[in-house]
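Before any questions on binding or motion, here is one chain by itself as structure tokens, the form predicted on its own.
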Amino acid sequence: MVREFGWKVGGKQGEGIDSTGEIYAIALHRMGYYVFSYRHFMSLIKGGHTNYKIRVADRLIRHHGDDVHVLIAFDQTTIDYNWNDMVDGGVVIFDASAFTATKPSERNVHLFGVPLTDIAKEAGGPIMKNMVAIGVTAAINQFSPDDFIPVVRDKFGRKGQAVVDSNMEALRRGYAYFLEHYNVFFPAPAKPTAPAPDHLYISGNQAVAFGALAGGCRLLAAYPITPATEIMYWVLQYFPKYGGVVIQAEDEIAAVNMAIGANYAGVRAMTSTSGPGFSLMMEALGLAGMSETPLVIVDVQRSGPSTGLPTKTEQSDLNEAVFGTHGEIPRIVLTPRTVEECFLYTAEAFNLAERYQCPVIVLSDLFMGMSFHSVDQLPVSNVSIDRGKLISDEDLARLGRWEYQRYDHTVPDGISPRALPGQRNGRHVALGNEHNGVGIEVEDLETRVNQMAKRARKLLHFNHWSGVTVDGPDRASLALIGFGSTWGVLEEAREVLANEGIEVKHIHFSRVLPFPAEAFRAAMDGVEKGLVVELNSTGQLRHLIQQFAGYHERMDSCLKFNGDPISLREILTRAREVFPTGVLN
């Protein structure tokens, strides 16, 4: 029984690739399928190769998959680029109106020409060749053209019924052309009998934004940057409905300082950015730590350094998130594994920031942030609000003038009560210089040591979540290890190996600071060899593990840093190279 199906469309940027994939993905999601879509694109408005990969399944899936069953090619580059991902017996549909396709190598892959552009012209205009392509795919998958009417209506309805009708006509003509000329099909998986009531199609960026709203955030100050800008788009649409404000700052330095100022005033605020913008925020990060002001920063990582590959994914900001900024401050770094965790961890980040009066960094990446996929529901009921040690007006009223110690270094947990501007008797100074209990700048050695020790105590007994999840057997001699967005593909790798009779444990970090050394050591019980899979060139997670937990001789790396997400095949190939001879062969 077919349980999943891989589809991809590709061409030059500006040819409607994204809208083609979006319409097809949303239509199948609404039919009840589980869909995962990933966009490969260049940092160009027009020109350059782009493609849109969709994986369709009858169950929840966590990455876009390796295999392509049907490829829609608007140019030869698309065929060349994706040829090796085609399954045996797969189908390539190329636009015979635009070019004559050739096979890059001899493989059992069907190459079918369909005059997509000419058919679109007959239906009303060449721009609708993407709708013709969807009609061809519907025929290959043995859907009905009518299955796509609701999505086409939603997509084009605001332009009038005539536009809806012409797009459906283009879709139907593509459908009929394929059935008339070809006889190769890839039926879609059987639809789930009862999709969840909250069957959602959502991206990591949208989940982060929704989580911020649910967590009480009412100000986003940010500067547009790929791949984090979509967070701002979502917030612009929804925050004002709940009394929220969005500020497009002049740069990332201004954005983070606006967020610090709003949090100091008592408004839950955040900023969202990517690697280059995060670098500009380092001094302000230190200010939040020194002034003990809550701050939430979402970093949607992309390929670096410098401008790097702005539209490609990577996990190379890990060291920056853990060690960035001069001096030493307490901070929390969360690395959500799934869309659901993007929502929940962002909501919880505001609680943690206020509870510990320190910066909290939510570390996502382009693959997590910009991929859309189906989930059953978001954990809305798990969200609560905890403002931490906000001092009450009544407690302040009992104090005399200047008796309030905003930075009282004698508190055992290092977290002193926080007053908001305007509270009577709550006067204090918040600045970036070292200071005494009321915030006045001082430079005597004893005060310096006391205040540094106070700040350092905040996270000594941090116990929110274990920070590590374990999938697979309780005991196994081999382990796949990762953090953040690689969870889905690593879990599939573990399942593939388990089906081959190979017991492998999957250990995944959902928090890297405070580093969950104790939980990781417990997960490593009995493990002889670990393979750390991450999207960077230096093995940043592996080095963190070795710094905080040890295991220097028992860790190896599977690294990828060309900008593409890591594939299931690449993980399995590296596992066979690294794990003990005879175990995986």
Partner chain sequence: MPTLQDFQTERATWCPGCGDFGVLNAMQKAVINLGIEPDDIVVVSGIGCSGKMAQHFGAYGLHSLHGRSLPTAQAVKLANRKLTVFAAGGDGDGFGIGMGHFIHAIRRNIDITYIVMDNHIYGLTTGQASPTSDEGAKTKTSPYGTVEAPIAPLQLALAQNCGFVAQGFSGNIKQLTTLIEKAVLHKGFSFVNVFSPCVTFNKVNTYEFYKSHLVNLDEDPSYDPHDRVQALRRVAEAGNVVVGLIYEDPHRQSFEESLHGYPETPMVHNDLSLGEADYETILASFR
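This one's a predicted model, so the numbers in the text were calculated from it and none came from an experiment. Positions refer to the first chain, counted from 1.
The next section is about a form of this same protein that is not shown, the form predicted together with the partner chain.
- The chain is drawn here without the partner chain; in the model of the complex, the stretch among 118-126, 394-402, 480-488, 104-112 whose residues come within 4.5 Å of it by any heavy atom is 394-402.
- Here is the short version: of 449, 460, 265, 190, the single residue with a heavy atom within 4.5 Å of the partner chain in the model of the complex is 265.
- Just one of 157, 89, 150, 432 comes within 4.5 Å of the partner chain in the model of the complex, counting any heavy atom, and that one is 432.
- The candidate spot formed by 503, 519 and 550 is out of contact with the partner chain in the model of the complex: none of the three has a heavy atom within 4.5 Å.
- At least one heavy atom of residue 29 is located within 4.5 Å of the partner chain in the model of the complex.
- When the partner chain is considered in the model of the complex, residue 206 lines it closely, a heavy atom lying within 4.5 Å.
- Put simply, residue 98 is far from the partner chain in the model of the complex: not one heavy atom of it is within 4.5 Å.
- Looking at residue 284, you'd find a heavy atom of it within 4.5 angstroms of the partner chain in the model of the complex.
- Of the residues in 399-430, those that come within 4.5 Å of the partner chain in the model of the complex through at least one heavy atom are, in sequence order, 401, 402, 419, 420, 421, 422, 423, 424, 425, 426, 427, 428, 429, 430.
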